[in-house]
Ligand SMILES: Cc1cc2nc3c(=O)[nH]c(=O)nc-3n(C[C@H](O)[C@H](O)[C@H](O)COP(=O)(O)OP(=O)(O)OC[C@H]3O[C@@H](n4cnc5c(N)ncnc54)[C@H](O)[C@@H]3O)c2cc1C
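Just one chain follows, in the form predicted on its own, and it is written as structure tokens.
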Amino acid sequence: MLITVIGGGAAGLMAATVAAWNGAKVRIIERKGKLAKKLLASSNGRGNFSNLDTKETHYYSNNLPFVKKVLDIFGVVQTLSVFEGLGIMVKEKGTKLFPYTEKSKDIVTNFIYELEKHNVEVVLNFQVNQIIKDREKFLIKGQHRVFQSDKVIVATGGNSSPQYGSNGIIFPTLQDLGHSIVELRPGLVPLKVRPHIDKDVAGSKLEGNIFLIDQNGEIVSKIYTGEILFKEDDVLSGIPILELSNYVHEYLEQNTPLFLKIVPFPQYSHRSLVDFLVKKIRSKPERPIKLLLVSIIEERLIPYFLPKIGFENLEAPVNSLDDKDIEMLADNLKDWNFEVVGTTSWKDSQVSLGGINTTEIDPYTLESTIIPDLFFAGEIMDVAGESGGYNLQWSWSTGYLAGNSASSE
């Protein structure tokens, strides 16, 4: 029995390895010239491969019960068992899991050793354009070559980060086979906002609680805490922004106003912040207003922030501020607002929202309910996780189930 895994990322590596362990003859086909390029880049190369808090509530899908069933069968505990068998030492940072060296390549090296040990055929630089079911066999077509296979596991990813391999070209042939696609949108991606972000502000950071509100002021997302990065071209990034990007598409597509709210200094109440500013003013009443906020927010943000709330003369002494000014300053320091007007491109996104409709996949085997002997693993499905190791955990979980199911007689 020959199993072909299309896609050499994390899910494909796991699927191929498990199928080979079970004694199947296995082939991996990868579009790029190297396996696991996206995995190698994960967490800036540090390899945050899972999270101890993995559960379906950290995922986005039109079918969360499907996600739960998969994770219940093969979750973090089972993944750690496989990694132990591979010889990968693990480090915990909070709930995040890393290889002890914090090097993604060490995960890849161990998987590649298993592929070589079990004589898995690896075909690189091959773009699959079409999959045809011809009686009991699959025909896997590229531009100049056709492969035959008894079973196929599709682990090509979605549209995100095409520079690492996934480009969405596989979806039309899966539709030809009878599968439906939940519309694909970029996830974990920077946001485009207004008002305008001055070029001089690019590179600045602001830390706080961040969430989305609708035009009625209702909170419409989870509340995340962390650093916001101001970038050129009116773009905000940082982990909380990437997390919130998964909520924005419905509003953008319906042209419904959506706003991003940043609440810095969550440990400071409005009154304690006012008291701090008053003490600072009294200690050096002659200092210019532009220096009042030094050490409170990044210095590059000060000439951007103050004029927007009505302070035009940044050289005026702080003792020119009256009580009303100080109250207003404290109010605005704890309340930064931007309108969300878009996202950046697929190249910047870390995950695809949407994909193969999971109602057409058996959650216990990950076999297609439409085409026998066709299986799915990873981001190709309509499942996307938050950042923090959840997407890689989905790759390990689905890769194992697909590989194990495909190689079981």
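All residue numbers refer to positions in the sequence shown, first residue = 1. Since the structure is predicted, the reported quantities are computational estimates derived from the model, not experimental observations.
One more form of this protein should be noted, the form predicted in complex with the ligand, which is absent from this view; the next part is about it.
- Partner proximity in the predicted bound form, defined as non-hydrogen atoms within 4.5 angstroms of the ligand, places exactly one of 26-34, 366-374, 337-345, 353-361 at the interface: 26-34.
- Although the partner is absent here, Y113 is not a contact residue: none of its heavy atoms lies within 4.5 angstroms of the ligand in the predicted bound form.
- Although the partner is absent here, N63 is not a contact residue: none of its heavy atoms lies within 4.5 angstroms of the ligand in the predicted bound form.
- The shortest heavy atom separation between Y400 and the ligand in the predicted bound form exceeds 4.5 Å.
- With a 4.5 Å cutoff on heavy atoms, Q127 counts as touching the ligand in the predicted bound form.
- In sequence order, I6, G7, G8, G9, A10, A11, G12 are the residues of 1-22 having a heavy atom within 4.5 Å of the ligand in the predicted bound form; the partner itself is omitted from this view.
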